[in-house]
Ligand code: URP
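Before any questions on how it binds or moves, here is one chain, the form predicted alone, in structure tokens.
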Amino acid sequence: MSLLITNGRIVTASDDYVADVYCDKGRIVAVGADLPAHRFQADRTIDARGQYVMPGGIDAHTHLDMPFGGTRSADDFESGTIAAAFGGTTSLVDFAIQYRGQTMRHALDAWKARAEGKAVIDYAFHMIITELEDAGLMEMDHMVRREGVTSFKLFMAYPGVFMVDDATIFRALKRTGENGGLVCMHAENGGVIDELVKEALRKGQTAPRYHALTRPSRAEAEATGRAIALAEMAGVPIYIVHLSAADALEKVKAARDMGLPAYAETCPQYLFLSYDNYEEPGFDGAKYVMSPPLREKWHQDVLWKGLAKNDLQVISTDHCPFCMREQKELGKDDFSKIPNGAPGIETRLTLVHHGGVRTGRLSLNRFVELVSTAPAKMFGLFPRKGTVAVGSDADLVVFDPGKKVTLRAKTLHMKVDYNPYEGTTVEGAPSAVIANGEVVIDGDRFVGRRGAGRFLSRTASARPA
């Protein structure tokens, strides 16, 4: 199928101009003002006058169809990628989990099976490492060089489940120095948090707010600083996932000021929600149980400034939805049993545009960089993804900056029974979404195809500045 998008305002991480975009066989073939109709005859034409034409969003942190805490995340690769597409995301990077006693090969095969035939947009995987013997080091090499899995997540939290010790982290970091991979770190001091949780439960403190009160920002800052120190000793880059707090950001900023290759992402929940949400009546605070937890509201302004100044490089979602009924309710009498995670895969672009661009916190170019270009560069997808250029995949969003949308669980497409931003009205939303040259979202309709999404084999490419 060929597609011509006319009269749009092309916005990339570096450019801003009015032009037409012609796509054929899944790629961008031509970009220019007033492309001649006799040369670029298309099966379909979209008039994007008055709208932005941007590279499709890339969500570099999702958890679809993931087992956790006796249940599994509510969105599978079909519902999750449809919701992502409605929100303007055309590629995502999910997490394959190497459980203890299993190989990375087994984990990758299992997660590919979850996605294949279901995903409607392209997808890739990070590899979660829970143990790392000598054979695992060689598997890391194989993942990077043969399988296109070029990033590995390790946990400093969740003792007995995901948490690994500093020696394991250091070994993984050292290996990425040899094979070109990148370690992504969940940075919270799991041992201290575990003690705080036990103490709270002994005192009968079981309500959802104690999830936040037992995971203080200092525990995140300490682990962030330690992770960066380990990467410095190993002489390699590091990427901190879902950074939530000002004191953790200060560790990243200090490292970058020293010239160290330290990178970090944050998520919309930390920019728009706060600890106050845990104080909602009854059990409603469970909606916001995620790790790291929401922080006091003043942290939000610090994170926005970090995004504007490039102390933070990426906005991802950590989309890991659990329904209140039957799932979050597992922790009705014990906050430590509430499945950790919240939905967000569909609302990322609209929220960040509304709260960042419309308020003047972010330029349009910086917005595109944070939600598309930087994650493409960070995780080996650029320039195939993350830009509007001849030869790139035709993953595009026609974004109407004046379109108003009220975010409600009943009208969103995520497979979860609540929305953390319920009733929030945002200005600016996709009017059309194109993945690999095919229109998948047309206004308010999904017109894509189940199973059209492809596994993306990634390279160990250069990181953004």
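All of these numbers come straight from a predicted model, not from anything done at the bench. Heads up: residue numbers just count along the shown sequence, starting at 1.
What comes next is about the form predicted together with this ligand, which does not appear here.
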**Study point:** Residue contact check: Glu369 to this ligand in the model of the complex, 4.5 Å heavy atom
**Key:** no
Check your understanding: Would Tyr239 sit within 4.5 Å of this ligand in the model of the complex, counting heavy atoms only?
Key -> no
Point to revise | Non-hydrogen atom contact Phe68 with this ligand in the model of the complex at 4.5 angstroms | key: yes
Review point. If you check in the model of the complex, is Tyr158 within 4.5 Å of this ligand, heavy atoms only?
Key: yes
Practice item. Pick the stretch from 251-259, 335-343, 375-383, 218-226 whose residues have a heavy atom within 4.5 Å of this ligand in the model of the complex. Key: 335-343
Exercise for review: May I ask you to choose, among His186, His354, Arg209, Arg171, the residue with a heavy atom within 4.5 Å of this ligand in the model of the complex?
Suggested key: His186
**Study point:** in the model of the complex, the residue from Gln98, Ser291, Ser79, Gln300 that sits within 4.5 Å of this ligand by heavy atoms
**Key:** Ser291
Check your understanding: What residues, if any, in 305-331 have a non-hydrogen atom within 4.5 angstroms of this ligand in the model of the complex?
Key -> Asp318, Cys320
